[in-house]
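Before any questions on binding or motion, here is one chain by itself as C-alpha cells, the form predicted alone.
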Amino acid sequence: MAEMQTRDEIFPATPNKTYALMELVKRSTPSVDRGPDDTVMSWPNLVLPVTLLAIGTTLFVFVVSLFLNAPLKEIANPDVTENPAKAPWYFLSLQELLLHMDPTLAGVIVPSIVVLALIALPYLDHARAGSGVWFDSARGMRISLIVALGTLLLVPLLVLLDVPMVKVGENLVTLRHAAFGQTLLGAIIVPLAAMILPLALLLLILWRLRATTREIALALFTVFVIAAATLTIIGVLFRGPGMQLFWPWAMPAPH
C-alpha cells in the first residue's frame, strides 16, 4: 500500500501534470549506487580539457602549415588519366580493399559492418567498474597492445599474398587471380575468409583466456582501428603507378 501511495504521489493521476511514466526497465546503469563522491562535474573537468585539445590541435595545424607546402594540383585533364588515381587519404583504406575483393563487398558491405560494429561495441559492456578508465586494467592494456601488434603484422601479410607472383605467358598476374579469377570464390569467399578467420581465432583465444566483455570490446576496436590505419599507410606510401607495390624510396618518378 505504501508503494502504491508513493507511486501515486510521484505520478499523480491528474490532467494538469506535465509528465508521465512511460516504461520501467529492470537494468543497472553507471549512475546506480553513486553519490557526489563518485562523480565529477562536466565543467571544468571535461569541457576545459576538450577545449584546450581543440585549441592545441588548431595551433599544431597552423604551425605545420608554415613549414610544409601543400599546393593544389593542376586542373584535371580528361584526356590524361592520372596514374595512380588515388582517393583522398581518408578513403585509401577502402581503395586498398577494392584491389583485393569484389567492389560491393569492399565498398559497401565491409565498411557498413565495421561501422555498425563500432556503434554496437559500447552497448555490449554494462559493467560499472572501471568505466571511463583507459584500457580498464593492465590486462586490458596488454591485450590491446598484443592485438595491435598482431594486426599490424597480419594486414601487410594478407596484402602481400595478393601481389603479382605467378607468371602466365608474358604477363604477371596475382596468385588469387591465377587460381580463381574474378569468380565468386576468388573475389568474395577467399577475402571474406581472410577477414573472418583471424577474427574468429582472436575471439576463441579471448574466450579461452576468460576475457571480460570490455576486454573483448577493446580487442575488436583495436583490430578495426589498426587495420584501417595500416591499409591507409599502404595506400599512401607503398602504392605507385598502376597501384602496384613499391618501397617508398624506390617509387618511380615523379611519384
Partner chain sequence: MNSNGTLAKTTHFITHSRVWKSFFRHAYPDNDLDRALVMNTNFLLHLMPVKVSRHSLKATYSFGLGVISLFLFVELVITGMLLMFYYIPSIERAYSSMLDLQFSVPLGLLFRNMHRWGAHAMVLAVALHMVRVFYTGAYKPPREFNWVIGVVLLLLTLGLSFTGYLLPWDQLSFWAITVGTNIAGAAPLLGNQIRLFLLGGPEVGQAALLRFYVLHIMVLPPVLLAIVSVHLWRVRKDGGLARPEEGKS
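Residue numbers count along the first chain shown, from 1. Since the model is a prediction, treat every value here as computed from it, not as a measurement.
Another form, the form predicted together with the partner chain, is not on view; read the next lines as being about it.
Proximity of Gly150 to the partner chain in the model of the complex: non-hydrogen atoms within 4.5 Å are absent; the residue sits far from the partner. By the criterion of a heavy atom within 4.5 Å, Leu197 is excluded from the residues contacting the partner chain in the model of the complex. A residue is said to contact a partner when one of its heavy atoms sits within 4.5 Å of a partner heavy atom; Arg139 fails this definition for the partner chain in the model of the complex, lying far away.
Leu160 falls outside the set of residues with a heavy atom inside 4.5 Å of the partner chain in the model of the complex. For the candidate spot formed by Met41, Val64 and Leu118, every residue has a non-hydrogen atom within 4.5 angstroms of the partner chain in the model of the complex.
Shown here without the partner chain, the chain has Ala217, Leu218, Phe221, Thr222, Phe224, Val225 in 217 to 231 lying with a heavy atom within 4.5 Å of that partner in the model of the complex.
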